[in-house]
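To begin, one chain is listed below as structure tokens, in the form predicted on its own.
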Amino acid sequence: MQEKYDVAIVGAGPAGISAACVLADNGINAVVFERGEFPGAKNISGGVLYGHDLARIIPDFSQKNCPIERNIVESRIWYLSRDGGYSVSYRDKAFESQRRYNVFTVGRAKFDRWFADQASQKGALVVCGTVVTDLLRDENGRVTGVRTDRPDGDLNAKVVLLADGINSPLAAKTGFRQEPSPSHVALAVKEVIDLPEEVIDQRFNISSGNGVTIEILGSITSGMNGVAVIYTNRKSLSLCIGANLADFATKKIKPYEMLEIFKTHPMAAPLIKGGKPAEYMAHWLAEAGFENIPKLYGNGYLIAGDSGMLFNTLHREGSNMAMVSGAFAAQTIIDAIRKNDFSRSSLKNYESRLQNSFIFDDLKKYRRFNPFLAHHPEIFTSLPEAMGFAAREMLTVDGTPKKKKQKKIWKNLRKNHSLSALLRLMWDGYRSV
């Protein structure tokens, strides 16, 4: 690797490739290093993307054969007890027409590869099967390039962008971002279940090409602080469930066992009936929150996407923040190249761009949400069971007066929840959102 590049990007995910596209559009010489054998090799099918933010990078993405699985027209929220659950949903005709591709599902293995191809066509070099093992620095400590596991693998660059995800192998070695503590990440497992397209259409009451997402809370995570999701793909469903890594360590629960229990729940089982398991994986999610975002810039380097803990836990938004932060990083680098100044003070404009965007606005707004979940385990234990009991009692027609049923429900609720605890829960929940 004797050639010198203006920018070296570590990671070919949404953040890194977004940056590469913007840089290439502006004639900047950029190289992207990806440790997988191809972009997306470490991502299995099933995830959501946001059209608004992708269109800022590739305006005509739908005409360029972006591998879209389904356009999302309905969002559901489930709150589950062990044997039942509540469901709230919203469907809007606007998402089939003027707001089509507001949100859509993709297979990340296919999408990441397609996205990287767009960057390559623009002029960026994407090098796969290569691990960046360290950063090069000059005598003053400024980052001047990357060291890879290839023979003669040192490569000089004016700026390095770290975009290699939450479990970045460079995190501890560089010291630019501390290794996340177990309480700051979630461990999720995901399974893709193949089903015929017409079966998915029928079970979710949707027309061909349209889809549904389901976000799930409650006792389904075995009392741990966590969530589950179901996403519709064209010919498969993606089931994902996860919880805080610290909770897994304390409870000694195996993630795959939790997934198997989830699949047998009466709300989920009918949706996957007759399906064939196709893929399985585990991955980390950044849940550190606004207060734990590392310094995202320094002398000769920037950090974007999950590497920078840019993830909205409440709304499960990560890919859009990755794309936008990657684009912001690229714009900052372009300015720095024009000034020929790659110092901390020059690259500080990256943080200013983030501060003036929805990314920092949303992360600040929901900075109390993760602590709220951590401090109220009843959301995942006794409360869903009490709410399940209430619904079951009110829907059972057995000659008992409703007034008597309501007293029974209130008595059952108060067994594990004092009035002050319930008021505290509501107040803390209100403040967190």
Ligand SMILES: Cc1cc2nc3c(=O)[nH]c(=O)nc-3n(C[C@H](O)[C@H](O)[C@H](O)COP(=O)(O)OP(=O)(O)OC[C@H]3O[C@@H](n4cnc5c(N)ncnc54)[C@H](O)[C@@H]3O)c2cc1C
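One-based numbering along the sequence shown. All figures in this text were calculated on a predicted structure; none of them were measured in a lab.
The form predicted in complex with this ligand exists for this protein as well; it is not shown, and the discussion that follows is about that form.
Engineer: Report the residue, out of Arg137, Lys251, Arg150, His283, that has at least one non-hydrogen atom within 4.5 angstroms of this ligand in the predicted bound form.
Structural biologist: Of the candidates Arg137, Lys251, Arg150, His283, His283 is the one lying within 4.5 Å of this ligand in the predicted bound form.
Engineer: Can you pick out, from Leu271, Ile216, Leu296, Leu170, the residue that has a heavy atom within 4.5 Å of this ligand in the predicted bound form?
Structural biologist: Among Leu271, Ile216, Leu296, Leu170, a heavy atom within 4.5 Å of this ligand in the predicted bound form occurs only for Leu170.
Engineer: How about Glu317: is it within 4.5 Å of this ligand in the predicted bound form, going by heavy atoms?
Structural biologist: Although this ligand is absent here, Glu317 would touch it in the predicted bound form, with heavy atoms inside 4.5 Å.
Engineer: Determine whether any heavy atom of His265 comes within 4.5 Å of a heavy atom of this ligand in the predicted bound form, and answer yes or no.
Structural biologist: Judged by the heavy-atom cut-off of 4.5 Å, His265 is well away from this ligand in the predicted bound form.
Engineer: Give a yes/no on whether Val10 approaches this ligand to within 4.5 Å in the predicted bound form, heavy atoms considered.
Structural biologist: Contact with this ligand, yes.
Engineer: Residue-level question: is Tyr50 within 4.5 Å of this ligand in the predicted bound form, judged on heavy atoms?
Structural biologist: Yes, Tyr50 lies within 4.5 Å of this ligand in the predicted bound form.
Engineer: Counting any heavy atom within 4.5 Å as contact, can you tell me which stretch out of 355-363, 298-306, 116-124, 254-262 lines this ligand in the predicted bound form?
Structural biologist: Selected stretch: 298-306.
Engineer: Heavy atom within 4.5 Å of this ligand in the predicted bound form: which residues of 231-247 meet that condition, in order?
Structural biologist: Contacts from 231-247: Tyr231, Cys240.
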